[in-house]
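The chain below stands alone and is given as structure tokens, in the form predicted on its own.
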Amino acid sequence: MVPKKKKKAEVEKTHCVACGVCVNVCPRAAITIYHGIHAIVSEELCIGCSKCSKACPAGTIQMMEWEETN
């Protein structure tokens, strides 16, 4: 069986400005702002829709491919 490839949002923490735009556009509430410093994406909640990546004004959210291991 060939593993399914999925996408997940990943934040480049050193360049994140914690503006919260990603939090507001995420349909699954998968993103939170950590102590006002940077965004964090929940791997369990992220569905890979890329809305956060498109909305990020700093360009710090990338969609990363990973293989499902079920």
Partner chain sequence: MKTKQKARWYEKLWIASIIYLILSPFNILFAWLGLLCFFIPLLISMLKGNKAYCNRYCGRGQLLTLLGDRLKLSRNKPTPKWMRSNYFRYGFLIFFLTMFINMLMNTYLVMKGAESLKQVIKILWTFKLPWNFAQYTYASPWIVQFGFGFYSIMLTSTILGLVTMLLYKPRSWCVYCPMGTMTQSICKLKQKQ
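This is a predicted model, so every value here is computed, not measured. Residue numbers count along the first chain shown, from 1.
Absent from the display: the form predicted together with its partner chain. The rest refers to it.
Not displayed here, its partner chain is kept clear of Gly48 by more than 4.5 Å at the level of heavy atoms in the predicted bound form.
The closest non-hydrogen atom of Ile33 lies within 4.5 Å of its partner chain in the predicted bound form.
With a 4.5 Å cutoff on heavy atoms, Val11 does not count as touching its partner chain in the predicted bound form; it lies far away. When its partner chain is considered in the predicted bound form, Ile40 lies well away from it, no heavy atom lying within 4.5 Å. In the predicted bound form, its partner chain lies within 4.5 angstroms of at least one heavy atom of each of the following residues of 12-30: Thr14, His15, Cys16, Val17, Ala18, Cys19, Gly20, Val21, Asn24, Pro27, in sequence order.
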